[in-house]
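First, one chain by itself in structure tokens, the form predicted on its own.
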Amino acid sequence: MHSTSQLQARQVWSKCLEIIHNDINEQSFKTWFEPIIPLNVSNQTLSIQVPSQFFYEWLEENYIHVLRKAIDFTLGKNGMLEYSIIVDKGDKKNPPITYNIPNQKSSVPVAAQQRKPEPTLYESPFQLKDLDSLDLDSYLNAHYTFDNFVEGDCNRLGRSAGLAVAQRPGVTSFNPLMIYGSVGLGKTHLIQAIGNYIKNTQANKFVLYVTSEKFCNQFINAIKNNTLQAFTNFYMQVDCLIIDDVQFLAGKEKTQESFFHIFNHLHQSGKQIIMSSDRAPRELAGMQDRLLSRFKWGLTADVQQPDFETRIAILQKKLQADGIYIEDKVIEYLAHSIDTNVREMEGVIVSLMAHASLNRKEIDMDLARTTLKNIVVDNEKEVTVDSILDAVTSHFDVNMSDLKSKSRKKETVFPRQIAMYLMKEFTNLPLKSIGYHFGGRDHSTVIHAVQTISIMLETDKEVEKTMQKLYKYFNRVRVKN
């Protein structure tokens, strides 16, 4: 049964939504207003529940005028809005934990009042002499900056949020800021770029970068040396704490307990917390629920594998920094052939420069092909583009120029379709990149080739035998590697 106040709240909020809907686009309405739950109405004050602090602050910063307009219409000029913010969603046994933001008549929404920090566990002042293994070095790599971080669709959210945090640490709703993604995609670069920006623009703030492994080792040493209080107090003095690879805290209960108290103190004191992880918070097994809940308080942004255009930009940036010139067609070849991560791309550039220097020759397409063949593939199931082309041209006795040509002869089309099918199966290349290796054909040609060979494999025994022979060739390549 719903109370009269709840029913009234629903009616008032329904009228508010009608007004709001007319003033903003459909996507914004679904994202920012449909999740809101009206709770009650009392003394011309509408109380609504929002999912998070970040959600509330976004409404305040972007939709204050439309909300004021809706409240004026439904409750009058003296109407007010109160927020109930969820800080812990709870579970089946425990109800959600929320806190209300006091409303003011001056504006709607209202700014949150600063909460007073809770007393820390350790009251004694920290002295540097109490700690042998810790000092005020930020442990940042000065090379990692926003200027040499290449932005693309794969990392735009993380970079934008990172820059906002760097400009206003501890002030934005992106606290904590969690950057997650697979290895070699630039997480460490991004989080250290934030730290370097803060360090260079706000000299009065103490920025500290530490890997979770180092944090664990320091915690163990503090227990061993009976300096746990000094360890905790040291971290509680940090203005911006950057923890890299936070997933390695999993399963370490006592370390998590210590980090929990440090996290709470820093967050409540308005200090900035930045973390990186190889997976999203919801996928972090072996972590305390209360810690995971706090990881989700701010913004979680992922970095993904760079697309083709971003890969080209990364290669150009790296070559420019090293003072190396490579023809555009070679850069395109590298960008199409390496789609795993930024670290591997940089490794290929280093290998190319080494080969060119040792052999006293320029970096051309032949050297690029040779270098890529010598790159050790981490995934044993992965087969390179060149090994596929070598196998197909050898088996069908055709030239690479034939596969790239516009010829529609069966003796050329069939091997070309086989090669496209194998690239789709064995590599992670997008369809556009596969087409690039065959004279720049578009993705629809690749789709047609894959579908054609798939059907033939089910209906033509000869095609099946051909494919088995090619599979055996790739197995030999993997054993050889």
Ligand code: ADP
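A quick note: this is a predicted structure, and the numbers were derived from the prediction, not measured. Residue numbers here begin at 1 and follow the sequence given.
The next section is about a form of this same protein that is not shown, the form predicted together with the ligand.
>> Is residue 221 near the ligand? Define near as a heavy atom within 4.5 Å, in the model of the complex.
In response: Judged by the heavy-atom cut-off of 4.5 Å, residue 221 is well away from the ligand in the model of the complex.
> Is there a non-hydrogen atom of residue 260 within 4.5 angstroms of a non-hydrogen atom of the ligand in the model of the complex?
Replying inline: No - in the model of the complex, heavy atoms of residue 260 and the ligand never come within 4.5 Å of each other.
> Quick one: is residue 148 in contact with the ligand in the model of the complex, heavy atoms, 4.5 Å cut-off?
Replying inline: Residue-level check for residue 148: yes, a contact with the ligand.
> Going by a heavy atom distance of 4.5 Å, is residue 272 a contact of the ligand in the model of the complex?
Replying inline: Heavy-atom contact with the ligand at 4.5 Å: absent for residue 272.
>> Within 4.5 angstroms, counting heavy atoms, which one of the listed stretches 179-187, 293-301, 328-336, 232-240 is next to the ligand in the model of the complex?
In response: Heavy atoms within 4.5 Å of the ligand in the model of the complex occur in 179-187.
>> To verify the annotation, which of these, 144, 139, 206, 248, has a non-hydrogen atom within 4.5 Å of the ligand in the model of the complex?
In response: Partner contact (heavy atom, 4.5 Å) among the options: 144.
> From the list 314, 161, 85, 71, which entry has a heavy atom within 4.5 Å of the ligand in the model of the complex?
Replying inline: Here the answer is residue option 314.
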